[in-house]
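Just the one chain here, laid out as structure tokens, in the form predicted alone.
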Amino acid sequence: MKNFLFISILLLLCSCRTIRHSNLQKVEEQKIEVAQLNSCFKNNFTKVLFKSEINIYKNHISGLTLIKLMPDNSYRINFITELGLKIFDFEIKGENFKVIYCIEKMNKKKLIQILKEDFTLLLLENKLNNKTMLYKNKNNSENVFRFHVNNNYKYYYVDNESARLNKIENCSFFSRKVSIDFSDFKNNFPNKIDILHYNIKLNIRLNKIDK
């Protein structure tokens, strides 16, 4: 009876994992460079200004977010309210993350760790080995590269026609944790970026402000 119960739970978990990416077909294992993922924050990127919203549980904060590449190849991420109140100022270089400033109400260890993971994932500053599994979606419109990193799976969806990075997912073995969607492209840069969490009530919306 115990063995039957264990097997039933295992099959259920495995089937859930399969359903989540049931539209993907495995192609082959290969090696690629991170540059081949064509992140909008690499190559000729210098800086970008977004109108931004952060919704965390019942709290809503709106304002402006500036992401800027610094001379030492680190990134600075500044978020201020529309009235000019500074909310946070982070520095990211590779997997090194530094809090320059964070408003007291948000300066909580767990929340800072989540924001670190979100922005590191967004900027493709997380450490990736060059060994990946290539998938295709069923209509063959995207190449999907899956990396296995620290017991998580990171999926990068790259459009076949434009070679643009459309989406990033960070998943545990059994469930999706966070997704980052890039949309409304103009001059190969997304006007909209949505960061959505599935296990906590947190989402971030970034809307590019044209110069």
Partner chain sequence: MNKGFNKVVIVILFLFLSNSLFASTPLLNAINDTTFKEVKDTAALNKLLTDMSKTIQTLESDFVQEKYLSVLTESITTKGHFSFKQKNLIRWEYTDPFVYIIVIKDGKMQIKDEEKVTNFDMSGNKSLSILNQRMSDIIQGNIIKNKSEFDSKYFENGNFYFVSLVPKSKGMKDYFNGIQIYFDKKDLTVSKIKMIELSGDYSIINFINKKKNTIISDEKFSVY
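It should be emphasised that the depicted structure is a prediction, and the values quoted were computed from it without experimental measurement. Residue numbers count along the first chain shown, from 1.
The discussion below concerns the form predicted together with the partner chain, not included here.
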Checklist entry - Hey, in the model of the complex, does K186 get a heavy atom within 4.5 angstroms of the partner chain? => result no
Checklist entry - Any of the heavy atoms of M70 lying within 4.5 Å of the partner chain in the model of the complex? => result yes
Next on the checklist: Please tell me whether any heavy atom belonging to K51 falls inside 4.5 Å of a heavy atom of the partner chain, as the geometry stands in the model of the complex.
Outcome noted: yes
Checklist entry - Going by a heavy atom distance of 4.5 Å, is N151 a contact of the partner chain in the model of the complex? => result no
Item to check | One residue of N43, S162, S172, N59 in contact with the partner chain, assessed in the model of the complex (non-hydrogen atom, 4.5 angstroms) | outcome: N59
Checklist outcome for this item: Of K116, K136, K93, R76, the only residue with a heavy atom within 4.5 Å of the partner chain in the model of the complex is R76
Next on the checklist: Can you tell me which of 59 to 67, 172 to 180, 35 to 43, 151 to 159 lies within 4.5 Å of the partner chain in the model of the complex, counting heavy atoms only?
Outcome noted: 59 to 67
